[in-house]
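Two forms of the same protein chain are encoded below as structure tokens; each is given separately, as structure 1 and structure 2.
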Structure 1
Amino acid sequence: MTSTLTEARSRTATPHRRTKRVRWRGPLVAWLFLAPALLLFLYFKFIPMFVGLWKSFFKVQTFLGDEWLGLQNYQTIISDADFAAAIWHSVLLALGTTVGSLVLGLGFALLIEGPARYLWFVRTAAFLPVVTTMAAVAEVWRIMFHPAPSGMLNVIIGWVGIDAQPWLASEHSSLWSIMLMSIWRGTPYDMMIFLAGLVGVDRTLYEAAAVDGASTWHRLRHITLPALRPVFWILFTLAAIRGLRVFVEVYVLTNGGPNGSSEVLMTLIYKLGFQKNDLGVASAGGIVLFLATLVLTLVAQMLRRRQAT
């Protein structure tokens, strides 16, 4: 009798143990696959980030040892005219790039949205600037921005009677020239996201609006744009962060020149850290940039949730 009860208990306990093993096996396998990427993120991203935060409170001296400064590096950033100019250039570049790429991306998405077979080629060709290396793109645009009358862009605008422009060689146009290239590169990405959003718009709404006599503009304003509101918020956040963290295009095209007219926060941090060896102030600048990006993301998410409710 006792042996029979023991066998019955073992039989009922075995499925329970198997269920526990199955529950643990899935997450364990997933974490094992994620472990190499997480280790790389930890070593090359999170640890340097915390080290940068720690160094931002010190005057970093290679051979003499670090000297504690507290918030003095952050005070330097707030009071320094070069940092103020770099922050203003970064904000202006981010704002112009975001608005330009969003408007053009939506326009191109509306133009090539549809089921036609040949449109796949147009979409693929338009998306090529996004997958091309930024350094290569910036170098090509640097050649196109040649300020001489024989420069490619000057020749093109000369066809419509516009005089040759200095582009990157002028303090007044260097930042706008970088913004032009950034808009050109960011527009295809925004266009593809808008295309994905347009797929989810209910077509019966367009048909009902057409029956009621609504014009194309009214259909765009009252149907398309409200349906794309979540897409707008996502793209706005991504484009703004991309604009604040711009580095490669500025470094390749002007390196912050002429006379600091296109200096942005990232290039200034790079120069302080790797050219002037002022790693403490550079680390503080990196933390300020991180906080600005974090605040921008949180504000965009709060506004999106308010509109959703």
Structure 2
Amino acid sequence: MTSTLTEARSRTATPHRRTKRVRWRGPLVAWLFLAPALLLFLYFKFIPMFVGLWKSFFKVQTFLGDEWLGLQNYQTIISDADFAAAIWHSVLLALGTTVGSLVLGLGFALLIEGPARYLWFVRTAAFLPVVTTMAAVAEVWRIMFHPAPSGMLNVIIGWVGIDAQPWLASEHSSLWSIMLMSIWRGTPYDMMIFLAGLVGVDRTLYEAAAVDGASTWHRLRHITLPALRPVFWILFTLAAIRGLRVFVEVYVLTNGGPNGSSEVLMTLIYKLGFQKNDLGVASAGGIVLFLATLVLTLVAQMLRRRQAT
């Protein structure tokens, strides 16, 4: 009798445990798969971020021990005229690079979209700038930007009768020159995302439009561009964040000069931290940059949602 009772209880308990186990299995497997990436992010990204935030309240002296300053580092960085100039240059560079890469990327994507066999070669060749290390790209462009008439770009523009330009050597053209290189590098990336987006456009819409007598421009405007709207938002958000964080290209090409004309937030922060050894103020600058990026991303997301509804 007793044994029967026990058996009965165990019989009812087993399915319960099983459903519980089943309920947990999915998330558990997912978390296990996520764990390696999360651990790496935690160690190399999130912990340093919080340490950066913490250090921004101190006068950082790595060996002597830090000295609490409260918000003084933030006051220093925000009241610094160079910081305001660097923000302006960063925004200008981010905007120019984003718009330039988007427009050219879309143009190229439309030109090389299609199933033709030889296109894989064109796409691969066009994508090469993205996979090349930024430092190497910048070094090659620095040589191409050589401001004498014998410089490569100056020789090219000389063929169409334009005088030799100073490129990086003039405070009036340094930022634009860096932008030109960034667009060259960013365009193929945007192009590939656009190509992926174009694959998803319903072909029957084109056929229907063609039957209705719509011109190429009308098809582009009323079918292709609306269908690519999500792609635009993704690219815009990514490019804007990338643009604000720009560092290597500026560091290698001009290090912010001449006359501070191409100083961006990241090079200024680097200079404060590692050339003037003011790590606390540099951390405060990093946090301000993080907040700016966060706000920009949230605004972009909000605008996207509002448009979607």
Partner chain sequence: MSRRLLGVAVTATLAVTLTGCGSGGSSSDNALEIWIRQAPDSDSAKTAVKLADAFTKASGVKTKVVALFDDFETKLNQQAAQKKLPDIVINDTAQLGNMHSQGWLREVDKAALAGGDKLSERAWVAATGSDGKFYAAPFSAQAFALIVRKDWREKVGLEPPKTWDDLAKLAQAFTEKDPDGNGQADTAGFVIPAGTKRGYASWYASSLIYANGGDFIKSTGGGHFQATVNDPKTVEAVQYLQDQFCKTKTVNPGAVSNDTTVTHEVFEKGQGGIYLVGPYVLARFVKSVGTDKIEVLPLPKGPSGGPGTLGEGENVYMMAGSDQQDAQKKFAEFAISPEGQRIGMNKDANGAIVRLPVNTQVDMAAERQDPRWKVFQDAYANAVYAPPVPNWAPIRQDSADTINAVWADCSSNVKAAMDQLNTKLTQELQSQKAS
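By convention here, residues take numbers in order along the sequence of structure 1, the first being 1. What you are looking at is a predicted structure, and each value in this text was computed from that prediction instead of being measured. Here, rigid core means the biggest group of C-alpha atoms that superpose within 1.5 Å across both forms.
- Structure 1, rather than structure 2, originates from the form predicted alone.
- Aligning the rigid core between structure 1 and structure 2 leaves the CA of Phe63 offset by 4.8 Å.
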